[in-house]
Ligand SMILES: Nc1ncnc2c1ncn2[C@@H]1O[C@H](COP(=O)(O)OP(=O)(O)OP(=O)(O)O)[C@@H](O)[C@H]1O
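Only one chain is shown below, in structure tokens, and it's the form predicted alone.
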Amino acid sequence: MSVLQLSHVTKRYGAFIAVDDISFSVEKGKILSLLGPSGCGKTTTLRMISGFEVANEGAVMFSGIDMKGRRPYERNVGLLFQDYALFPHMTVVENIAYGLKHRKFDKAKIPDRVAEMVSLVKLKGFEHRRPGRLSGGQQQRVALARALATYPEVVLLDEPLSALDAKLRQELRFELKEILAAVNATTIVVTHDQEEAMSLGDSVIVMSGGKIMQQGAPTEIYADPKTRFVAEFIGRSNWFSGQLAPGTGGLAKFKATSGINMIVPVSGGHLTGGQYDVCVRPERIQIDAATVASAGTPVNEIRGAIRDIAHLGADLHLVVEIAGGQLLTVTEKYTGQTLEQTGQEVSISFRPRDCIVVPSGS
């Protein structure tokens, strides 16, 4: 049974529809990432779950019980805000204990529960420090401990790592997921960061304009986006627009507006041909690689010239100009030696199965 379920939920502010008829559910112990740009409705959705906003239509249910009319303090939720919202005059243990006291837990059991949370978030030795004497990562852990201390039915995290620097965000993603798994927390994470959404979530919902554009496992969303919006929001992409010919046997011919011809995969919805956009991820493209196709397996090859090379840690990002002046991004692993040079003419190749085909304008 789902711990959290939203059924046809809509939220309006006057004539503006912030959330438009969305439905989803989350099972016990699972993490769902709500991903999308600013203004897409993800935070409004979180606020309706927590009770800070009231839906105009639809139902928010915890374990099958409709939360309509229940105020935030009457819902068993744990909240971690973007700015952590710690009490500056309270110590670590006092901040963690606040929710327990507010919800009238057994006073005799509060110290043990606080000690358990301090251990869980690895803050032993910091119990009596105030937030001003903690790092950003330590403050985040205090806020998480406070959210989990009250045995919440649902944990709601609003941009939980956005206030941290990039290196610390990466380090704490794993810790955050590990902590949530340790307490088997049913969690909603709101974020605009695709890496955060995909690394934390067991499933991901991509939102735009108050609607759910696609929902699925992170690998599914990345490998099989249903629209151009989703493909562009999840990962980096190169695009070709053009005409898709009717195809059989799982493959079809595609002619880009630039005149480039390629072979792409087709599914039932693409067999009739028409105007489509084709996405190729930068890491799926090879430069001057051996492109001899095995029997019955075509490879797409395009000539171009390197216009820029950027060293970004373990990766090389190359910009290749092809016919019509179109620029493609190619990602290679950096092995300590750069073989390509700016201005060099190259052949780039990619397999039909590495092409993502979506309806034009989607």
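We number the residues from 1 along the sequence you see. Because the structure is predicted, anything quoted here is derived from the model rather than measured.
Another form exists, predicted together with the ligand; not displayed. Remarks below refer to it.
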query	finding
Stretch in contact in the predicted bound form with the ligand, which is absent here, among 41-49, 324-332, 298-306, 311-319 (heavy atoms within 4.5 Å)	41-49
Residue among 75, 192, 228, 113 with a heavy atom within 4.5 Å of the ligand in the predicted bound form	192
Contact label in the predicted bound form: residue 18 to the ligand, heavy atom within 4.5 Å	yes
Contact label in the predicted bound form: residue 29 to the ligand, heavy atom within 4.5 Å	no
